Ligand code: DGJ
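Before any questions on how it binds or moves, here is one chain, the form predicted on its own, in structure tokens.
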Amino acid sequence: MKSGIHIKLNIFIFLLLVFGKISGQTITIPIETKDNALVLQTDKENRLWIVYFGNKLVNASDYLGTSQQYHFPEGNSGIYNNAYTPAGTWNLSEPALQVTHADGNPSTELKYMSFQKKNEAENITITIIKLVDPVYKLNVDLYYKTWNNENVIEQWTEITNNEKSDVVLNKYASANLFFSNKNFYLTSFQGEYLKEMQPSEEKLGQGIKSNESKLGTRAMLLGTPNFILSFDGPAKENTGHVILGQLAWSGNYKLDFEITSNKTLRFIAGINPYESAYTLSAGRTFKTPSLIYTVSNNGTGQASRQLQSWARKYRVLNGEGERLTLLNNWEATYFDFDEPKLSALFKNAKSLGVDMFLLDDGWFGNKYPRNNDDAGLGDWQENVKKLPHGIGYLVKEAKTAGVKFGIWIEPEMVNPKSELYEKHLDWVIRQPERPEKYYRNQLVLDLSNPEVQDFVFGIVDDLFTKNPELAFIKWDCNAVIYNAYSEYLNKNKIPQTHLYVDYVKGLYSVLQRIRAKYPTVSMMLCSGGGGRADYELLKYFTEFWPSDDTEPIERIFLQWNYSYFFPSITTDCHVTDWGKQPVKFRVDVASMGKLGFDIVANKLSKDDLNFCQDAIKNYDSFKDIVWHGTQYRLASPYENPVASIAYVAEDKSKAIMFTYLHSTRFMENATERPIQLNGLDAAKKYKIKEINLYPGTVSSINSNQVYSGDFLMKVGINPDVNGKRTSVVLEINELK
């Protein structure tokens, strides 16, 4: 009886607390997930501050006193922990919001007005905090959407202009966070073409560390909007307090990490303000992209599992569904193909055992045929010499051969050598007074223009309308934006600084139309590499292409790094002829994602072909665990000569463990020590069987031995990887 009274009293205190009845002018707003809390609080001047970010407290009433435990001096730099820092008034720190008002005043102040908290669905809560400038009619709504069980927060901002005429948003961040811990370590992911997603960890020192892109498109070519933030020490897999997140935006981004004079951390994330001042008309609202992050007290392993689970359940298109294995013709034919050659490849796909054949670049253009990458982009009609009977004929031929058919497009781009360029030069992003600058011999179409949006939608719509059995689209995007200028914006007297933002908004608009009409067809994000893997685009796509680098040793590292942020079901991993490793190694590496092939299948040796056929059958038997199971990174390739990763079924009855020897140094192998598993049931009994054996080889793993889950997680299993067994796939089954 007493405990019941205590619970009711605690709830009563919580309600009074958040509605400001106990603390007078002070309003305290906890934003909680299962394990963590972000707490905001007003002061006597009605400004809103972040007063706590850490482990969730048992008693909600305790949040009221958190701010009293910190005594940071307030100098001439302003107060660092504002929830959405404005520019031009009391603050001298890096702002989240910078506005020029209708009368030209560049200052903004934000005062708390109200908040509401609502349950959108089971496990999902949205908190909306309303702020207002007391002098100008500018409203700012801060949104915090939480997924309780996954410890995930999605945060964005909506800015509404209630003034009588236009205001200019010079900076408009998605999120402004504050952390009062000490010693912050940032892992960012930088790179270049064929070397995407390379991790770089550093201890943050006083000042601002910025990660940003100004490329316009394929934003992740040189860097990414992903980050790992670790507290009190470098990030570790199974221990430590970390935040793992991403700005879900497909254009120019900027992430600012500022160590203050108090050694605290301010984090501001959003669209890059570079050349992106945005005029907001009276009565209109601007919604920023989302910052998505998860918090873990048990290292990056738990954080990534939380984010992967969230993505499959709530974000990725058909994240809990199926995917198609495929054979791509690119490395088999490049641009040189015709109908008979493709029909033979359909039979190869069927012989391999994959679900689908994907026709890559080179199928279109007549006046300017697409026989290489300098012509034809924009002219999306079948090349009559290569494909006299059209795409429909290929779809039927593939079906006859027993496989589905998919196709490559790059609808946002144009070659100067094309009919589209000749007819619609005004659709192309280019400076009319400057020499054209090309990336991969192409330019970018102006998706801020509604006519161009209609054109891009029409490319996809036409393919599906004429070929309703088309099963897959590979959507590529290879060029960056040079000479940023829009004839459409100029003609309509819209500032050119809208281009970078409106391009991305135009892309999303096209994709919304496609998915409204074709909600289920699988589509791959491609960008000559991992230039477009973000959680806004993955609302519309089922998967993405991590990199054009398919060399299997490099892919181990790439796929490892992507796994921090994305579930395996989204990651396309293809077997190609890159590298010197045997086909078994290449297939084993590609099997830790969504498997595909980009090889000349009819040139495989008999044993290689037999191995691939058996490996695909094995993959079909365990792919559900790889796609939907729980992932555990067991041995890091950055710390060991081997990499090992496992996927465990939800009921812990089965697991798949991949181990690869990536070092070629003499005498390096993994036979010295066992590798500890994770995620099994300690009380269950398991047997372990090696699969994906190459023809004529015998496993050194005793498949009759019985292990407890406790043993496998505390002692481990030695997969016996060595110079002769460079990749080993183990199937772990509960003994029933």
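Fair warning: this is a prediction, and the values are worked out from it, not measured in the lab. For every residue, the number given is its place in the sequence shown, counted from 1.
What follows is about the form predicted in complex with the named molecule, which we do not show.
Asker: Hey, of 414-422, 354-362, 498-506, 648-656, which bit sits against the named molecule in the predicted complex at 4.5 Å between non-hydrogen atoms?
Answerer: Contact criterion met by 354-362 only.
Asker: At 4.5 Å between heavy atoms, is A398 in contact with the named molecule in the predicted complex?
Answerer: Heavy-atom contact with the named molecule at 4.5 Å: absent for A398.
Asker: Hey, in the predicted complex, is W330 touching the named molecule, heavy atoms inside 4.5 Å?
Answerer: Answer yes; at least one heavy atom of W330 falls within 4.5 Å of the named molecule in the predicted complex.
Asker: How about W545 - does it come within 4.5 Å of the named molecule in the predicted complex, if we only consider non-hydrogen atoms?
Answerer: The answer is yes: W545 has a heavy atom within 4.5 Å of the named molecule.
Asker: Using a 4.5 angstroms cut-off on non-hydrogen atoms, would D476 count as touching the named molecule in the predicted complex?
Answerer: It does: once the named molecule is placed as it appears in the predicted complex, D476 has a heavy atom within 4.5 Å of it.
Asker: Given that the named molecule is left out here, which of W427, W408, F227, F286 has a heavy atom within 4.5 Å of it in the predicted complex?
Answerer: Residue within 4.5 Å of the partner: W408.
Asker: Considering the named molecule in the predicted complex, which of P273, G528, P199, P641 comes within 4.5 Å of it through any heavy atom?
Answerer: The option sitting close enough to the partner is G528.
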